[in-house]
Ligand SMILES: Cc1ncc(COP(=O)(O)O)c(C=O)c1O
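The chain below stands alone and is given as C-alpha cells, in the form predicted on its own.
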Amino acid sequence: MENKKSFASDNWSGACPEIMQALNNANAGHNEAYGELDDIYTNRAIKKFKENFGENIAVFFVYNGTAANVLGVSHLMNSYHAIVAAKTAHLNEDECAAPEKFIGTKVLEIETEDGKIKPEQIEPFMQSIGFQHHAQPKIISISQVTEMGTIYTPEEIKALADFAHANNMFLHLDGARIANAVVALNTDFKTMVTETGVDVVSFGGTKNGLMFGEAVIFMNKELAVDFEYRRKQGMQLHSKMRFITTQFERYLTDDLWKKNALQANAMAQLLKRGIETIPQLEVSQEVAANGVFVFMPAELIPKIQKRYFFHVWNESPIGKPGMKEVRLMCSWDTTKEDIEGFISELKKS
C-alpha cells in the first residue's frame, strides 16, 4: 500500500532524525530516574530553556499536552475559579473535559472568528468577581498558534497579560505550536513570552519533530512552589525522565526547533498558493503558520481523503452552501513533492 503523507495533523508525522539520535544516545547506561538532581539530561534541558526564556523560570516535564495545560493552570487556581478562553481553544474543545474533571473548574467561552481573544471580550466576565454565586475568573488561556491557524503578536499577548494582572488573574499560553508562531513573526521566545508577561506556558514539541513530551514553564519560579507534588499526583512524573528531557535539549540546540518550524510554515505557504490556482477552492483563514483552512466542495472531500487524509473543521460554514471548511496541516517533514502531489490530486478530482 502506498504511504502518502497526511495533511491531517502535524502530530501524524514521525520524530525527526536529530531527535531519534538524541534518544538513542540517551539510551546508553544508567541515569538517575524521575529527573532528580543528578539527572544530567534534565539539567541540560532546563539550562537550554533558561537560555531561551530567562533565568527566573521553573521548568517541569510531563508526558503530553493535555497534562501540561491542565496541571499548569490548576496550580494557579481553585475549583471555584474559572478559565476564560476562546470557544475553539484546545483547553475547551479537545481535552475531553479534563479541566472540569481534574480541577472542577468552569471554562468561560468566547466566540471568535479567528481563534483570538481580546481584553474587551473578557471584560463582561469581570462583573462576576466578588459575587459569591458565580465562578471567579482567574485564568486567561490563549493558544499560540490558535486552533484557527492565526497568531497573537507580542503586543496582543502583552495587552492580555496586562489585563489579567490588573484583575488579579493569570495568563496561560498553550504553546503546542509555539515554534511555528515564533518563526512566523521572526521573533524569539523571550520577546513573545517572557517580556509580554505570560505567567505559565505549555511548551510543546511533538507537533514539530519530538516523539513525546511537553514542558510546563512558570515564568516566575515563585509561582511554581510545590508543583512537583501536583505533577506526581497528576500521574505525570515520568520515571525514565531522560527520554523526555534529552529530546528538549536537542530540540533547543542549534535551532533545530526553528529549522523544523520554518519548513512546516514554508510548505503551508506553498500549499496555499497551489490551492489558490483551483477555482472551486477558497482559502478561508489567514495562513500565518503551518495550517491552511479551505472551503472545499463537500462531494470532493471523500475522494481526496482516500489518498491524502485531512480533517473537516466546519461541516456547515455560514454562507457557503455545498461547501465544508477543512484543515490542512503541514509538518516538519512535509516536502515540495508532497504539496505538488496533493495539488495534482485536487486538480484531477
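Note that residue numbering follows the sequence shown and begins at 1. Just so we're clear, the structure is a prediction, and the values are computed from it rather than from any experiment.
Although not depicted, the form predicted in complex with the ligand is the subject of the following passage.
Note on the interface: of 63-71, 290-298, 22-30, 35-43, the segment with non-hydrogen atoms within 4.5 angstroms of the ligand in the predicted bound form is 63-71. In the predicted bound form, the ligand stays beyond 4.5 Å of every heavy atom belonging to residue 250. Shown alone here, residue 147 lies within 4.5 Å of the ligand in the predicted bound form, counting heavy atoms only.
For the chain shown alone, residue 90 is a contact residue for the ligand in the predicted bound form, at least one non-hydrogen atom being within 4.5 angstroms. Under a 4.5 angstroms non-hydrogen atom cutoff, the ligand in the predicted bound form has residue 207 among its neighbouring residues. For the residues 107, 183, 176, 268, the 4.5 Å heavy atom test against the ligand in the predicted bound form is passed only by 176.
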